[in-house]
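Read the single chain below, which is given as structure tokens and is the form predicted alone.
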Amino acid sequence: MESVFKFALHMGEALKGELIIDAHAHMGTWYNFHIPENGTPASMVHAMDLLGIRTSIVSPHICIGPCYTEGNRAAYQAAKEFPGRILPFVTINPNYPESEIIAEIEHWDKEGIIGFKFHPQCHNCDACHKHYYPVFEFCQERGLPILSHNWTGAPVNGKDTLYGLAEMFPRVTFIIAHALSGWGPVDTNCAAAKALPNVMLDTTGSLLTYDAVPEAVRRVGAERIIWGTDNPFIDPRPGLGRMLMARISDDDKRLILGLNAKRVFGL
């Protein structure tokens, strides 16, 4: 019997009756990259409809660029405009005072927070920056996830950054963004996920290595992998196509494409 996912791809049809959650999306324009239709929420939902993506969790580009607070407001506004289709990350820039970071957390806590987004590279800081710690402590208390582009920085409790943080905050799910973009990252990130039960791997990236998903499933299990696209920074169709054609079972695809995100983000 042919995979229902491969059948939908071959027929050029949107997936129906399946839970598809894009757990790594953005929104809006980017200063040196063409974004079709300016990455508006409406254009993103249109792309989602074409593919059968039920929900996207977003961190607007402005969050990882010039103004994280404005980006958070835009994300929550988009979530109100498209309820259930767009959900907001809260993005934090640790270069600002700790009091401002705490105030931002408290403000959005009133609206409901499902997870946080860090981008240490764009914010030019370490993943263990001291102003991230109010987020770590908040997520530890609430059992919330954090998606971050890297986990580099100074050692934490004498261990590599990610290992130290994951052990210090065991109720936080640390999601490694772009975790399968090359065999080097596959080796490093699968080792981290295997050693640390609260670490998960994100498939997002234009450099997703051929057969990296089946290999990650073999090493750590499908329940430890979350799917994302970078939409609208990257067209979501190739990322979905790679997952639909991946040489893993349909049950594993269901976990990666939606069920894991549903669990981790409490949806």
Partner chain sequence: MSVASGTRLKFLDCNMRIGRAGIVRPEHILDAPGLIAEMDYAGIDRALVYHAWSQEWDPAGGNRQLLNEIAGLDRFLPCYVGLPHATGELGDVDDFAAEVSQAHGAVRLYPKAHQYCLAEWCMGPTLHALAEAGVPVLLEMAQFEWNELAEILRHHPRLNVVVLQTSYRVNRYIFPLFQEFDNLYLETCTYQVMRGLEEVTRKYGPHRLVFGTGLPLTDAGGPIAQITYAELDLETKQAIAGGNMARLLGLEWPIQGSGA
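Residue numbers count along the first chain shown, from 1. Being a predicted model, the structure only gives us computed values, none of them experimental.
The same protein also exists as the form predicted in complex with its partner chain; that form is not shown, yet it is the one meant from here on.
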Lys6, Tyr31 and Ala47 all contacting its partner chain in the predicted complex, non-hydrogen atom within 4.5 Å: yes
Exercise: Pro236 in contact with its partner chain in the predicted complex, heavy atom 4.5 Å: yes
Residue contact check: Cys67 to its partner chain in the predicted complex, 4.5 Å heavy atom: no
Any non-hydrogen atom of Ile35 within 4.5 angstroms of its partner chain in the predicted complex: yes
Thr204 within 4.5 Å of its partner chain in the predicted complex, heavy atoms: no
Residues of stretch 180-215 in contact with its partner chain in the predicted complex (4.5 Å, non-hydrogen atom): Trp183, Asp187, Ser206, Leu207, Leu208, Thr209, Tyr210, Asp211, Glu215
